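Just the one chain here, laid out as structure tokens, in the form predicted alone.
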């Protein structure tokens, strides 16, 4: 009984993290019919942003927890908007396979970029950003002053958008230029192992439940934060005008656009919300398992995708339930077959890694549409 309760608590904790990432998958797929495999890397970046914020901004513990969660969510939301604008929006009218391959490319690009950026390479990145800003300025001036390259007058040049783009690139370049001492001080080595400073957020307190079973204040905070975010998302989707627009776009984008709703804006907001949730999941995961690497989001991203398929891709409730089921299945697999790597790696076992994909195979064989999914309708 004690073993069951202990594994159950850890499984719920793990499952809520998977559920947050799965919500991003299912929201974007429901509206755009796109599997954005870059959510695993957004998960990693959320943990990395939180790591830098905690190290560089010493704040009181309570405020530190809030800032370390909300700021990475905001940064990941901006990243989601950038991904949609640069990588996915131009392919919206193209075959779905093109967008899917692009999503895989964005995933590899982000993880390898973080792996590359370290104290020795950060100045190179800043030079590239400054050079890109210079090229944008040159292109804008060439078109405006000499009409080269020639473009139809109807398209014009939006100076505000150009200014925002140039300003953002220059700001990123300036931050990267001064980041080398900070990276060296924080001992971030690109893809190498880095410990997450949980001690600056929490002093772990154990609360007994039954016998030797206990729950920590860290677990309580993680579960509460995840549940609050899921409830807030459910309210947004089901009770607000934006959520109504999302649900309508899922059913018929052409009809929604004829009613005066900007479908591209709805899709952009969907990316913003999904990446913000993935960033929050990265922070919660780093608090639970305090390690950060450039490739830490690959496995959670795949497992969250399986959770979305299990619950029914496109279903908000299905993503939540699927994430919980995945977390419980993995945690009980860990309890049944402890790791051979010792207590320091008890959260990893080959059985726990394989059970996720076994669940995917079973679901695809028995109920391809998932628990809450609807079977495809045959049009007559």
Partner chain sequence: MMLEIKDLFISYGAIRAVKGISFTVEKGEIITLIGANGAGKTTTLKTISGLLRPESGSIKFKGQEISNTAPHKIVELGICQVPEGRGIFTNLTVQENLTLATYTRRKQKEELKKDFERVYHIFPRLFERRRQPAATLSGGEQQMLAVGRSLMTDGELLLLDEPSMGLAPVLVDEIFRVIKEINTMGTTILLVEQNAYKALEIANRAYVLETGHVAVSGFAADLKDDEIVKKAYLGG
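Residue numbers count along the first chain shown, from 1. This structure is a prediction, so every number in the text was calculated from the model and none was measured.
If you look for the form predicted in complex with the partner chain, you will not find it shown, but the lines that follow are about it.
- Although the partner is absent here, residue 258 lies within 4.5 Å of the partner chain in the model of the complex, judged by heavy atoms.
- Although the partner is absent here, residue 254 is a contact residue: one of its heavy atoms lies within 4.5 angstroms of the partner chain in the model of the complex.
- Though the partner is left out of this view, residue 241 does reach within 4.5 Å of the partner chain in the model of the complex, counting heavy atoms only.
- In the model of the complex, none of the heavy atoms of residue 298 sits within 4.5 Å of a heavy atom of the partner chain.
- The partner is not drawn, yet in the model of the complex one stretch among 107 to 115, 70 to 78, 259 to 267, 204 to 212 has residues with heavy atoms inside 4.5 Å of the partner chain: 259 to 267.
- Note on the partner interface in the model of the complex: the residue among 96, 200, 89, 247 having a heavy atom within 4.5 angstroms of the partner chain is 247.
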